[in-house]
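One chain is shown next in structure tokens, namely the form predicted alone.
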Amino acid sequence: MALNIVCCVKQVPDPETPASAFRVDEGAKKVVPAPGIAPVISQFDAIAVEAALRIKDAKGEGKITVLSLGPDSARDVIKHGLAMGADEGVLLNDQALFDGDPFATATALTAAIKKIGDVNLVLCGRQAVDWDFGVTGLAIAEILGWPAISITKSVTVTDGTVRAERVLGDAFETVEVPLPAVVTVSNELGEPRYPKLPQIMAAARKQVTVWTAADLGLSPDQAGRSGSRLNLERLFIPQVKSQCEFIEGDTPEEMAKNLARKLREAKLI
């Protein structure tokens, strides 16, 4: 069976952005993009694409579609996936689909997965590195009614079954479920392959399919902010206050005693 894999990817602010360039619009409850620093593909999503490519390499066949929801600039993360080796790209670009919570986003992505058709496996990063919710992949599985395996370090497919190793706190757990299924991938899978220049140039020439909410058959109350169940009350950068105190003493032993006394007085020990 030739696998039809969909990888969901998200465009996020570059994690290497200096803290001084980080801004939040508290009125709009949005993160302001740092000027001059291009957003990137979410780290775990790139690893999910790597997992899909390893599956395709092992089987010697299959199709990988990179799917993203976002503005025109999100086309770049789709192109990144295509440069890595994916076959097709789909961008959900419609204001009606934006600013939704993870469930609203999963609703739009699921509608696209159904529209792509005959999908056997959906791979997502374990979480997006901007909000760190980590629930969109599992919400897709819930809406589709498919089994899901979360936070995995390896994914293989054999005879209509997906087998994955889950990363637990102090161990690994091997899980098998029948296809179709959804799997979220963690960084323990390994570094995603870095596209070479010819692959980047070839990806730049590939067409990305663009769909709107109407193309997906979604009504205004099903997606985006209107379809969200989560209400964001406030978004702000917390004020961090620190106080430094030097412990006095004529010798290191005396300073240690004074430190212990202060910690005891503060009821910390």
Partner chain sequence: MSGILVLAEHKNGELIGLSTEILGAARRLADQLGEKVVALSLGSGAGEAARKAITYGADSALTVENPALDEYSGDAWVAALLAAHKEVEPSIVLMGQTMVGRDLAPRYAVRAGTGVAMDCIDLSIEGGKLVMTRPVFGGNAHASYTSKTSPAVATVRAKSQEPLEPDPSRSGEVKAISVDVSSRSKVVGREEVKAEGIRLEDAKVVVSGGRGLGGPEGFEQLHQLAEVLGGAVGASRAVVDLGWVPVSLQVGLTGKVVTPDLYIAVGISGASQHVAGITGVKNVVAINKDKDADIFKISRYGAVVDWKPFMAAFLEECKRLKA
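Residue numbers count along the first chain shown, from 1. Bear in mind that the values here come from a model prediction, so they are computed numbers and not experimental data.
The same protein also exists as the form predicted together with its partner chain; that form is not shown, yet it is the one meant from here on.
Colleague: Select, from the options 37 to 45, 58 to 66, 211 to 219, 198 to 206, the stretch whose residues sit within 4.5 angstroms of its partner chain in the predicted complex by heavy atom distance.
Modeller: Stretch 37 to 45 is the one.
Colleague: Can all three of 242, 263 and 269 be found with a heavy atom no more than 4.5 Å from its partner chain in the predicted complex?
Modeller: Every residue of the spot touches its partner chain in the predicted complex.
Colleague: Can any non-hydrogen atom of residue 165 be found within 4.5 angstroms of its partner chain in the predicted complex?
Modeller: Yes, residue 165 is a contact residue.
Colleague: Consider residue 118 of the chain shown here, and say whether it contacts its partner chain in the predicted complex, taking contact as heavy atoms within 4.5 Å.
Modeller: Residue 118: no contact with its partner chain in the predicted complex.
Colleague: For residue 127, is any heavy atom within 4.5 Å of its partner chain in the predicted complex, or not?
Modeller: Heavy-atom contact with its partner chain at 4.5 Å: present for residue 127.
Colleague: Flag residue 85 as yes or no: does it have a non-hydrogen atom within 4.5 angstroms of any non-hydrogen atom of its partner chain in the predicted complex?
Modeller: No, residue 85 is distant from the partner.
Colleague: Note which of 175, 111, 91, 96 lies within 4.5 Å of its partner chain in the predicted complex, where distance is taken over heavy atoms; exactly one does.
Modeller: Looking at 175, 111, 91, 96 one by one, just 175 meets the 4.5 Å heavy-atom criterion.
Colleague: If you apply a 4.5 angstroms heavy atom cut-off, which residues in 187 to 210 are near its partner chain in the predicted complex?
Modeller: The stretch touches the partner through 187, 188.
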